[in-house]
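Same chain, two forms, each on its own as structure tokens: structure 1, then structure 2.
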Structure 1
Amino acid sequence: MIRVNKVRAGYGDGPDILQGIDLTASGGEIVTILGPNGCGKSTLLKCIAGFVRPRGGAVEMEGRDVSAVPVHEKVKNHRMGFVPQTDNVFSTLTVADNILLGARHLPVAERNERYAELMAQYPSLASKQERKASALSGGERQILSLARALISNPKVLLLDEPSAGLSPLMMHEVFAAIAEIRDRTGMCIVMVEQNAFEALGVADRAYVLSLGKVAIEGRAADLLADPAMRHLYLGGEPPAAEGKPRFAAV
């Protein structure tokens, strides 16, 4: 579904932040991108989305090179949904208006049908359709931003730090909602996250970036369980049991 091939990218006249990144993500899986601040996680997601054009390499969706396709065209023509980290809802608009903004390019009948489906899937939003987004909790606003991205029925969903600013309880609910989207729709989901333990708990595969390169990649469950991974990248001490590392160092 998504293939990133040897991508280099940066901003303005600055140096390359991404230095030859490779990544793949398929339908029916969550791929999470992890790493310390400044390693290039958000830049990689912005390259995939179309906010940043690669300086080298290519981004493909369903076998087509979309490296130069801007984000609005990917949303419309390549069925991509994108949820930014901040400012991801319009506080002065109602819940209903926020969601419907994500479907402006759809025919009215299809837009209304998708809206009704989302209200059935997210009853907490359905009960607050006419409330302004500013009245929602942080977790509810994040679910609202997901609903707005989903109304266009995307094949690909890109999430930039979906747990940012949330309490542990709300963070758990948001990650559960993301996993439910994958299980129900078979969507391809690529997620940048700082909360590595939570992200690996719902992801199928993960890439760990370091200084603009892929340092480690592998199955999320293996990375979560591996002592070296926990010690080096997850901020935890290795467990007592020793074993051969099961991640793929790149």
Structure 2
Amino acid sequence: MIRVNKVRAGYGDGPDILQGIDLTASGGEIVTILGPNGCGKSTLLKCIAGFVRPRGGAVEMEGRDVSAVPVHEKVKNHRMGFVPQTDNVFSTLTVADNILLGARHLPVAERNERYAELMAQYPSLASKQERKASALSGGERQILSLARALISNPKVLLLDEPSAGLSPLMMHEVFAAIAEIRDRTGMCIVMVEQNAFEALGVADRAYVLSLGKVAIEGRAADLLADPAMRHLYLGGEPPAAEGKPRFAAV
């Protein structure tokens, strides 16, 4: 579904932030991208989406080189959904308009049906449909952004830290929802995350970036079990099942 091939990329005249990245993701799997702040996770996701044009290498979707295809065309032609890390809602528009914008190219009947489904799924939004998105809390915006991306039934979903700013309970709900979407629709999901333990818990495979390169890649379960990985990147032991507080270094 997605194939990133030796991609190098950066901003303006700046240095290469991504220095030859290889990554694949197929339908029905969640691939998570982990790594310290500033290592290039968001840049990689923006590269896949098309906001950042690769300087070398290629991004393929459904077997076609899409490195130079504008974002809005990928959204339509490859049914791509994208949730950015910040500024992820249209703050001057209502919650309902935010979500419906995501379904502009669907037939009206389907759009309304999907909208109703999402409202049932996310009651926190349902009660605020006519509110301006600027009046939502950080977590509610996160959910709103997810709903906007999901309403079009994407085939490819790119999520930049979907759990950022969510309470632990809400975070589990969102991850559960993402896993459920994968199982039900066979969507291809690429998810950048900071909450590594939780992300590895739902993901099928993972890539750990370091300084613009893939440092570790493998099955999520294997990474969780790997003591070296745990020590270097996950900051110690996984949270105990009773849910006692954990202070993880990133």
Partner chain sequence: MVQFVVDVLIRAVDLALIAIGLSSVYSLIRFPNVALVQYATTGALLALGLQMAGLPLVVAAIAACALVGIIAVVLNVVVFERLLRAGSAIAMVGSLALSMVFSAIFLVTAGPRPKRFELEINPPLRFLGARLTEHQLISVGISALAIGVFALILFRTDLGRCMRATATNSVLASATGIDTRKVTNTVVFLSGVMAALGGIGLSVKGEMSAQLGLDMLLPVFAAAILGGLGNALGAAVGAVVIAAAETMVTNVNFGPLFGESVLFIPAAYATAASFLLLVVVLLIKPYGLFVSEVKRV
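All residue numbers here follow the sequence of structure 1, with the first residue given the number 1. Take the two forms, superpose them, and find the largest set of C-alpha atoms that agree within 1.5 Å; that set is the rigid core. None of these values were measured; they are calculated from a predicted model.
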- Note on the structure: For the form predicted together with its partner chain, pick structure 2
- Task: Determine, after fitting the two forms on their core, whether Leu106 shows a C-alpha shift of 2 Å or more between structures 1 and 2.
- Result: yes
- Query: After superposition on the rigid core, what is the displacement of the C-alpha atom of Asp97 between structures 1 and 2, in Å?
  - Reply: 2.5
- Here the CA of Glu117, compared between structures 1 and 2 on the core, is shifted in angstrom by 4.5
